[in-house]
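Listed next as structure tokens is one chain, alone, in the form predicted alone.
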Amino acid sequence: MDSIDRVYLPNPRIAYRKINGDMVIVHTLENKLVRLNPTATVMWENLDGKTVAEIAREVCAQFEVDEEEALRDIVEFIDHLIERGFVEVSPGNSESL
């Protein structure tokens, strides 16, 4: 499976909330906090069963960016969030890593 077809989900051990338009995510066990910019907020809000390709289309619809650049940015963003423990691969996709 290509990485753009993977589905990622927020780690169930984290809390997140949108406050005054800013998305804040907190990994309570690790005491990590991240405030997301508007583009990252759209990416985060679409980690709900959508593939990376579907998230890229949503980002392109809301921001002036081409799909190739959006895909690159999303993969980099997700990799960073996985490293920090905020995101995990959807169970149906785990065999594809």
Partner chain sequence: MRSDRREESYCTDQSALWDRIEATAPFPLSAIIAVTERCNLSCPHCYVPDPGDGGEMTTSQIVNLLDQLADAGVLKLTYTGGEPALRPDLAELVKAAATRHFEVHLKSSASLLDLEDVDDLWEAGLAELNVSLYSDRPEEHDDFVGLDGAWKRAVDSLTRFKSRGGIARVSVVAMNWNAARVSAIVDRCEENDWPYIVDIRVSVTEDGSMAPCRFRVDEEAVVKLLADDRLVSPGTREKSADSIVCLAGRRGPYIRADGEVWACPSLSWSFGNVLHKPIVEIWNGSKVREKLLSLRWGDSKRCGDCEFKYACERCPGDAVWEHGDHEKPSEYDCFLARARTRAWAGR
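Numbering follows the first chain given and starts at 1. None of these values were measured; they are calculated from a predicted model.
What comes next is about the form predicted in complex with the partner chain, which does not appear here.
Annotated contacts: 3, 57 and 87 are all free of the partner chain in the predicted bound form [non-hydrogen atom within 4.5 angstroms]. Contact annotation for residue 29: at least one heavy atom lies within 4.5 Å of the partner chain in the predicted bound form. None of the heavy atoms of residue 61 is located within 4.5 Å of the partner chain in the predicted bound form. Although the partner is absent here, residue 24 is a contact residue: one of its heavy atoms lies within 4.5 angstroms of the partner chain in the predicted bound form. When contacts are judged by a 4.5 Å heavy atom cut-off, residue 40 counts as touching the partner chain in the predicted bound form. Interface residues of 10-40, taken as those with a heavy atom within 4.5 Å of the partner chain in the predicted bound form (partner not displayed): 12, 13, 14, 15, 16, 17, 19, 20, 24, 26, 27, 28, 29, 31, 32, 33, 34, 35, 36, 37, 39, 40, in sequence order.
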